[in-house]
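Starting off, we have a lone chain in the form predicted on its own, written out as structure tokens.
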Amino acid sequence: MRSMIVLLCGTLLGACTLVAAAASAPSSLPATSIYRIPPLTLMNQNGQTFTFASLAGKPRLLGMFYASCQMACPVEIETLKQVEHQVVKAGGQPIPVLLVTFDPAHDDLAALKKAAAQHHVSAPEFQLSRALSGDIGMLGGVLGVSWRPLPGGGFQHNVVVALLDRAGRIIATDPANGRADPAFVAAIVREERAAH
């Protein structure tokens, strides 16, 4: 029950954040664009830096993780690889994936590189990233991802992966729990085709 309350509060905070940030976001983005959250600067596993808002312009999958996770995050990454495979099987093209760590204190460049190598993913198609500046809590709130540190290390957290359209609107979400959901795959294929 407590985790549901935390998740609900995070989601409501995220929605309020989008509304508040809309006034300062580029006018070309719709009011519901996730790219309207306050500016985030990210670094991926190759050491490349970019702003979150610079990703507008093409559909993508967006989620959160942490590199030393032993359970949910490896399943999340492997599920996303399955999803991309199923998208290709359905006649679509893979779309970029961005996962942002909620443990930037420990997930330095070396940790991101190691996680990418372990899962055989590479940028720019599949980016594991950490925030260099900005508030990742706001990103989590908008996505509906919540986390809390555990006494022995690691985090208790949920997994939500969002399909974003070119403008950064959330089209569909998936728990990325080990199975490529056909409805999520179909939504990606539709969005990918609409973008071309």
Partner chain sequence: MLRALMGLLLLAALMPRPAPADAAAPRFVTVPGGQLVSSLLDGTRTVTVQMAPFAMLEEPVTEAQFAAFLRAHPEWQRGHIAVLFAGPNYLASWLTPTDPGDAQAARRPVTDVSWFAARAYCDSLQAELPSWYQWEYAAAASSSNRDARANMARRNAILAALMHVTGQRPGLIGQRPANVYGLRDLNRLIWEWVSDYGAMFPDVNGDVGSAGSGSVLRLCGGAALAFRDPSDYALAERVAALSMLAPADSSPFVGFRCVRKPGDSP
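As the structure is a prediction and not an experimental result, all values here were calculated from the model. Positions refer to the first chain, counted from 1.
Just so you know, the form predicted in complex with the partner chain exists too; it's not on screen, but the next bit is about it.
- In the model of the complex, at least one heavy atom of Gln156 sits within 4.5 Å of a heavy atom of the partner chain.
- Contact check for Ala31: a non-hydrogen atom falls within 4.5 Å of the partner chain in the model of the complex.
- Remark: Trp147 counts among the residues lining the partner chain in the model of the complex, judged by a heavy atom distance of 4.5 Å or less.
- Using a 4.5 angstroms threshold between heavy atoms, Ala56 stays clear of the partner chain in the model of the complex.
- Contact with the partner chain, judged by heavy atoms within 4.5 Å in the model of the complex, is confined among 124-132, 137-145, 41-49, 56-64 to 137-145.
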